[in-house]
Ligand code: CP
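Single chain ahead, by itself, as C-alpha cells, in the form predicted alone.
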Amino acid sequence: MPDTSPISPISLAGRDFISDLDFSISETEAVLELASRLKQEYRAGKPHPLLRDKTLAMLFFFTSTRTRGSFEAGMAQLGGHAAFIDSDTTQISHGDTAKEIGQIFGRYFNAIAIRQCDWGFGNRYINEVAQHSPAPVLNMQCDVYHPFQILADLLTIREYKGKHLKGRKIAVSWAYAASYQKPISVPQSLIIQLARFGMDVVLAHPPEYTLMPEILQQAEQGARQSGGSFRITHDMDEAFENADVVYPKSWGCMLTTSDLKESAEIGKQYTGWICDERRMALAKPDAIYMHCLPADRGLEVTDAVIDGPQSVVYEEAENRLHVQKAVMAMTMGGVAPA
C-alpha cells in the first residue's frame, strides 16, 4: 500500500551549517524558498522580525566586507542582534580554546558564526567549537567550504536560469591574481553544491591549482546522483565554451606548496587566465558572469566584463543577505518555509 502518512515539515532548528552537504537537497530547496520570500518582503519594505531578541556571535579570524555586513544587517532585519568579535582583540588570541568558545558563547548566544580560513586548521576549529556548543554553529568561510556564498550563488543562478538547472553548464575556473593566496573554499563548495543540483560542472585550472581529492569525489558522486556531470580541464577556453554561467576566480595552490613565494612564482606562469570579452564570447550569448568579490580587476577579470551587461555580481552579493537570513531563521528560530 502507498505511504499515506503526513509529510513532516522541514525543520533545521538547532542544526549546524558547516559543510555544503550538511543540508540535504530538499532542505537546501527549503532554504532557497524562504530566502526568495524574505527577499521579496525586504524589497517591498515588509518587516519580518522572525528572530526577535535572538543573538548571534560573529567570530572573525579573517577580515571581511560582505560577510560581516550581510550577517549584521540580516540579524537586525530579523529583529535580533549580531555581535562582532575580532579574534585579535579578544582573549581568543591569548588562549581561549575552541572548547571554551563553544561552551561559553553557546550559552551567551543563540548561534555562533565563525570565519576561520587558516589552511589545514579552519574547518577543524569550527567543527571543534560545534562539538562543544549547545547553540548552532554557522560557517562564514573556512579553508574547505564557503557554504553561504554558494547558497547565494545558487539562488542567483536560479533567478536568472530557472529552478530546473539540469543540463545547464557552469564553468568554475581559476583566474590569475597577484594578491594573497586566496582560499580554495569557494571553488570547492561550488563544484559539490552545483553538481548535486544537476548542473554540468566544468572545473578549469592550471595543473598546480588542484582541489582536495575528497571534494572532487563528492562532486563526481553528486553529479551521478543528480544526472548532471562533472569534469576537469586545464583549458580555460574549453571550460567557457557554450557555458550558461561562468565563475572565474583566483585561488591558491595549497595542495602544491605552502611557500607563498613559490606560489607567487607559479601564478606568474598563468597571467593569461583572465575573464575578458573574448572569453565571454565563447559562452552562450545570455551567459552570466559571477564572482564572490572582491575581484582583482585587470587580472582576474576586465572592467568591461565585471561592469558589463552579463555581470550579476551585485545581485549575487545581495543574495548573501537573503540566504543567510533564511538559514538563521530556520536554525535559530525553527522557522519553516511557508
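Remember, it's a predicted structure, so these values are computed and weren't measured experimentally. Residue positions are given as counts along the sequence shown, with the first one as 1.
What follows is about the form predicted in complex with phosphoric acid mono(formamide)ester, which we do not show.
**OP:** From the candidate stretches 269-277, 286-294, 32-40, 47-55, select the single one in contact with phosphoric acid mono(formamide)ester in the model of the complex, where contact means a heavy atom within 4.5 Å.
**Re:** Going by heavy atoms within 4.5 Å, the stretch is 286-294.
Original post:
Are any of the heavy atoms in residue 28 no more than 4.5 Å from a heavy atom of phosphoric acid mono(formamide)ester in the model of the complex?
Top reply: No.
**OP:** Indicate whether residue 64 is a 4.5 Å heavy atom neighbour of phosphoric acid mono(formamide)ester in the model of the complex.
**Re:** Answer yes; at least one heavy atom of residue 64 falls within 4.5 Å of phosphoric acid mono(formamide)ester in the model of the complex.
Subject >> phosphoric acid mono(formamide)ester contact in the model of the complex: residue 115, any heavy atom under 4.5 Å >> reply: Yes, residue 115 lies within 4.5 Å of phosphoric acid mono(formamide)ester in the model of the complex.
**OP:** Although phosphoric acid mono(formamide)ester is absent from this view, report whether residue 173 comes within 4.5 Å of it in the model of the complex, heavy atoms only.
**Re:** No, residue 173 stays farther than 4.5 Å from phosphoric acid mono(formamide)ester in the model of the complex.
Original post:
Judged by heavy atom distances of 4.5 Å or less, which residues of 149-163 approach phosphoric acid mono(formamide)ester in the model of the complex?
Top reply: The one in contact is 149.
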